[in-house]
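A single chain comes next, written as structure tokens; it is the form predicted on its own.
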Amino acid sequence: MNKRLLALLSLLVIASMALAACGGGAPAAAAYECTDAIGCVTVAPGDPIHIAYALTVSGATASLGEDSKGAIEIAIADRGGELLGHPIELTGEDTLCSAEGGQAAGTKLSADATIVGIIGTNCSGEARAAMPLISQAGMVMISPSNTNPDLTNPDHPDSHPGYFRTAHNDLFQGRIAAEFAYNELGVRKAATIHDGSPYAESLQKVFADVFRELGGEVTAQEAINVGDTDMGPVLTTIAAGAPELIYFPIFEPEGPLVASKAKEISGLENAILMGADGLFADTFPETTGSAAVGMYLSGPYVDVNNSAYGEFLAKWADQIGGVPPSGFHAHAYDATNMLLNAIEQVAVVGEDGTVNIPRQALRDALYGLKGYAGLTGNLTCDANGDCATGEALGVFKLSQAEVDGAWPPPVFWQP
């Protein structure tokens, strides 16, 4: 080999070493570029994956929110508090089961760009106020207990992209309640009471419409206001029609006042009382007292013989204590796992552990969910966000045992 060639080779070796020293060796991994239509959440190495709740955790409806919140915490604990090598952070807002509370929660949560998804709300009126803001922010929200039909009706202004629910639709619950009253109890005359909320107003309407279809007579469809304490006037009006059953799908504290006062109104002493899932809480029979005995509630039902549900209840007793205070804990557990699974499905994880979560892809993953084996059954989400199986619903009859503190009541009838 001649000297000129040796010199050239030496120069090439020196140049390659210099390039390597300056980072010119193996090509670096390409940085992730977000091309998602509504953006991405980037979680840096060591930072948490942030999810939130929007639940009613104080006041008369706190049992609904605490019931859901406990289930979220159990779902997170089941994963060791981690997802994709990152800790899961849970924060939340108290929505108070009111439109105002929903608006305030939606404003705060939608402004936090680190939030990937939300479990909530409990009450349909909260979702109506919060969801426009949450949808605009590109987030997803999965409700364990909203049941108003408008929220998943694509032709209604209350329906927004990114909204899902594991709770049943009141088009189903209202029909079941009417069929139970007409076919199982033999009732032919019924009256309804609502409180003006989207939940109560739509549910009593479905009940009344179906009851009429079956051949029954709806003697009155009356309304009260949230905060009313004197139920005498509305019940006196209802008594004029001599209904055999009063259906009042409302919340506490108005629900116990209606039930108690009905027993004091002439002509209603023997009327059958029936509520819905808004009153399916351990506090309701205790607050109502003897008037609750013999009353019916439609509400969420999960088979206690389901081994997975039994394991969940054991975790509740161990991690939270006692039993769930309301009926939608299984729905909240399913909702949380659906969200976390969808995040895992769409996330892009970098070599350094950075996690990028595309928001539209996350929505699409949930809209495309099929046959998820949850505590409430096998869930499949439709194009409008309804994911409930329709299996997890029953009618319950309250007894003195529930008035004395036992909870939950045994299921009385299932469709």
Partner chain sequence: MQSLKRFSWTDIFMWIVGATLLLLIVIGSTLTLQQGKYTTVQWFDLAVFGLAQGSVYALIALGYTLVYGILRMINFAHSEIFMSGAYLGYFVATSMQRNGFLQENPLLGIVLIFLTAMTTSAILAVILERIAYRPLRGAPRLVPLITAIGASFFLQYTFRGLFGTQNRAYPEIDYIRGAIPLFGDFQIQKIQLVVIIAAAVMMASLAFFVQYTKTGKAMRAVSEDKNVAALMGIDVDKIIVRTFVLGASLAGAAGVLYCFMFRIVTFYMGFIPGLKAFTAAVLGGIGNPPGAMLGGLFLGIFESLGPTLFLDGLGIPAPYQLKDVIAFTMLVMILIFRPTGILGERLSKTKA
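In this text, all values refer to a predicted model and were calculated from it rather than measured experimentally. Positions refer to the first chain, counted from 1.
Below: the form predicted together with its partner chain, not depicted.
Contact with its partner chain, judged by heavy atoms within 4.5 Å in the predicted complex, is confined among 81-89, 233-241, 206-214, 99-107 to 233-241. Though the partner is left out of this view, Q221 does reach within 4.5 Å of its partner chain in the predicted complex, counting heavy atoms only. Interface membership of G59, defined by any non-hydrogen atom within 4.5 Å of its partner chain in the predicted complex, is confirmed. Residue contact check for S307: none of its heavy atoms lie within 4.5 Å of its partner chain in the predicted complex.
Taking the partner from the other structure, its partner chain in the predicted complex has no heavy atom within 4.5 Å of any heavy atom of N270.
Out of the listed residues K189, K315, K261, H160, K261 is the one that sits within 4.5 Å of its partner chain in the predicted complex by at least one heavy atom. T288 is the sole member of S202, N169, T288, N337 with a non-hydrogen atom lying within 4.5 angstroms of its partner chain in the predicted complex.
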